[in-house]
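Provided below as structure tokens are two forms of one protein chain, presented individually as structure 1 and structure 2.
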Structure 1
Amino acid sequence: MVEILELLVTGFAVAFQPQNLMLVIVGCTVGLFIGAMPGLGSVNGVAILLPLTFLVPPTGAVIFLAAIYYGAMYGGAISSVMLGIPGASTAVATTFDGRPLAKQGLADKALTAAAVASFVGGTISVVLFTFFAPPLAHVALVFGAPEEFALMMLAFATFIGLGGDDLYKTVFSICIGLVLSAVGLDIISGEPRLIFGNITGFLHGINFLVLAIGIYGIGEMLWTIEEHRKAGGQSMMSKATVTVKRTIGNLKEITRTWKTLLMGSTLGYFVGILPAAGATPGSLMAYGVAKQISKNPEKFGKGALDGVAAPESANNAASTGSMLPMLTLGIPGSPTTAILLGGMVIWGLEPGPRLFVDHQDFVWGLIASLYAANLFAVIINIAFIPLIIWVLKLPFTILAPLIFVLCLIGGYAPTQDLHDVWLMLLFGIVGYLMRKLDYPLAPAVLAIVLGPLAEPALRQSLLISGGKFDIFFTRPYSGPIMVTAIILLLLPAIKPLVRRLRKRG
């Protein structure tokens, strides 16, 4: 306990270095704008901007990206309230009550509530994170190859069991991500494999950013172009009256939702830890629970302040929660943390529990910067509400080409090979076409990050056991993890069975 606090203090020393503090502030601001743009969320921001972080050392880079992550969570609420279009999928539940409030001329109240809720959610979850992470990392230190592989199976199994997308399409998405990560040189034998058409560009493998920017940059933008066309290019922007006096009144009213805030934060945090779940289901669940425990549930959907507080506290808490397995176990809890994890590899860090031992500056600097990011995000958010609303009015045909330019250069930066830019375009266009057919793509991004870690873990485990798969079930940690994974895998098969049994009575 005391030790954790001491480490946290050293973390603050890192986070409050002028350069890192600047990165937090810039990151929060950039994240706010990205989150506020309809269609773009934290994952898009982090994927598109990751190549920019090659400029600073790893600690600064991760602080910058984590700040974007946080900022985007705050920003998502803004277009939900002002336009009625969620800024990101994580802010869908915020439209339910935020939009009605805006229509009643109370947009400022909804926005302030969202900001405060995000702050509370973020802070509570970071405190939980601070005290959960070190013990978990400590346990994970004894993990060997079989445990690592079992954990990854668990991550994929949650997508299949809890993801809610088409079962076959989810499996397909995971497998294609893993296969794409296998392109290049076989790490154990050193032989080239999956060199399509003998093109030399495949020899260095497919960088995860090529797929991530392809899907979350190019593909997402193509998708947004289509959405814009369907919306007719016109959307109704609500008016927001922001004065200091009103803001103070709003703040007072928001404190009354403290029960909801507390519930949303805790729920969001624990849902966020699960790989497939994350912020979107977390915020929807929090909204549902808030409605159930509310004294006047009939007000929900018509502009209840609790209806804004619950999802907004939950989605911020979930984003912190998803960092817990990423940092301690090396297993990302969301697509955004998957990209952060991939970034760590690029910056030369080996993800996993050893981080807590070997790179204390990095880990605690990041944790401390989360506290700072939260504080700055809420200040910037409340202070710049009018400015962000102005940016929302910027025509899409100015923003879109700028984002495309960033994507094209971002695809080139990691490997400096034009071959990868072509691949990125291909992934973007094919990803867009697949998304139209309800193929989930987040599992593929997670898989291409985890692939280079999963394969050696599997092969080493099998080498230890002489080819017997029972090694995953007989060891004290990997056994229960693997069994949980298998139960989750079987969940889609069990569900219809249970339903059928119930029907028979």
Structure 2
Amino acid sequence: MVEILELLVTGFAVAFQPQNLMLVIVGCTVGLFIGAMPGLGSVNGVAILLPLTFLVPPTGAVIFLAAIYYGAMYGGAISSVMLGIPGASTAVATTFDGRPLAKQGLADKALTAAAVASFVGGTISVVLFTFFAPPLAHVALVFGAPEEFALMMLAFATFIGLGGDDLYKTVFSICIGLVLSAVGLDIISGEPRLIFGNITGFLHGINFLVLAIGIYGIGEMLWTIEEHRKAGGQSMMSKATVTVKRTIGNLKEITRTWKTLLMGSTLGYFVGILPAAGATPGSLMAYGVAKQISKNPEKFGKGALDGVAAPESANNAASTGSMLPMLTLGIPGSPTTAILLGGMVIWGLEPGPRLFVDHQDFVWGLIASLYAANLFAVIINIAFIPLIIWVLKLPFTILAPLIFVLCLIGGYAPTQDLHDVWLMLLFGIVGYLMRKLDYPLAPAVLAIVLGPLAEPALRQSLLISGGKFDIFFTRPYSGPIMVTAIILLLLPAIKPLVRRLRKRG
């Protein structure tokens, strides 16, 4: 413990060198705007800015890219709250309650909650990273395909309850999402499937952001236009203001969500350290768990503060967690850390157990910079809230075309295929109709996120076991996770039976 603290002090001496500190501040600021732009996200931001890092030493380069990653995790909540468009897949769950809060004139509360939750999640995860890296790296190493599938099943189980009391509509929504996630090329045979009459645009599958931006961006815009007309043309955001008194009140209210913050941070971190999992499943699972353990689950989806705190604390914790297998095992925990890994190899830094011995200044400088990035990111984020609120107060005649243009950019950016833009517009109309018919949108969106992760894990597991499903129950890690997932899946069916038995009794 004393040795770790000494190494951390050495790391702070590296992180707080003027050049590295400036790179942290610039990286957090750039990342904030990258995260807020629909369709960009941390992956594209880090990839685009990677060449710039060759102008600085390797330690400064990784610190800069890590700061961008951190800033982007914070920034993803901005467009989710402001416009109802997820800035990245990691911020989808934030949209569920962040957007309703903004519509109620409480955008400042949602943005402050997102910033504080991100700070708490980031801080807890960096502390866990600092003191428990080796044993947690071992846990990540023993996670194979069966454990990954069990984890995905647990994620599905946690959001079965997201669709409200109508279980049939929720299951239908999940099935639609799973079907859409299967579009493209079969992962084993390479044969095309569900490409709707040989439409070549479907060969690369349906990009998650295309679906999310269509349903939550275009669909939300169509819904808001209808509500706007009913409201007589008045802006629903006109009540949103930022004052010192309101900010202090918001911070006091956010402290009441401390249990959710702890849960989201811990869950997000442990999901983040698992290879191929990343921040998106972590944030979705945290939202589902927060709703299930809440005393007022009916408020979720209508502007619950816990519904913002849980995913934001989880996705920031997971972003730090995903760096652990990258540094200790050389296995990227997320797409962004895969790019960071590539950069480290180019700079002559070989990730793995020897990295902590041969390049101590680099490793502990990076860990210390995460503490600094976390602090500066929350300060920068809260400082920009008045500007964000000002944008929300723009007349809807200006805001609607702006949202539409951002949606088009976000739909085109991931694959640069016009097919996806048309698909996004179609999803927008479907999303609007689903809202009119009172079908839950969240399960469909979450299913298309987890489907591509769950399918390869399932098929690889069955290939390993020769088609036997007992592989999911006989292994020490996958067994307990799978049993927990099955119990959670059965709970919605058991609850009505319990109610009936109580009435008879």
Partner chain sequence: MTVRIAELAMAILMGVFSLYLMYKSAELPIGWIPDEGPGGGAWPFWLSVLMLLSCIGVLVNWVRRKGPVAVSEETYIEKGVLVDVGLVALALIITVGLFKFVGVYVALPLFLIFYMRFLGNHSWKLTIFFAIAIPIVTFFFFDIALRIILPKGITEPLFYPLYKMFL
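Numbers given to residues start at 1 and step along the sequence of structure 1. Every value quoted in this text rests on a predicted model; they were computed, and no experiment measured them. By rigid core we mean the largest C-alpha set that fits within 1.5 Å across both forms.
*Looking at the two shown chains, say which is the form predicted on its own.*
Structure 2.
*Did residue 49 shift 2 Å or more between the two structures, C-alpha, core superposed*: Residue 49: C-alpha displaced by less than 2 Å between the two structures.
*asked:* Rigid core superposed, CA of residue 68 - does it shift 2 Å or more between the two structures?
replied: After core superposition, the C-alpha of residue 68 moves less than 2 Å between the two structures.
_Please determine whether the C-alpha atom of residue 253 is displaced by 2 Å or more between the two structures following superposition on the rigid core._
The answer is no; the displacement is under 2 Å.
*Once the rigid core is superposed, tell me how far the Cα of residue 385 moves between the two structures, in Å to one decimal.*
Residue 385 is displaced by 2.3 Å at its C-alpha.
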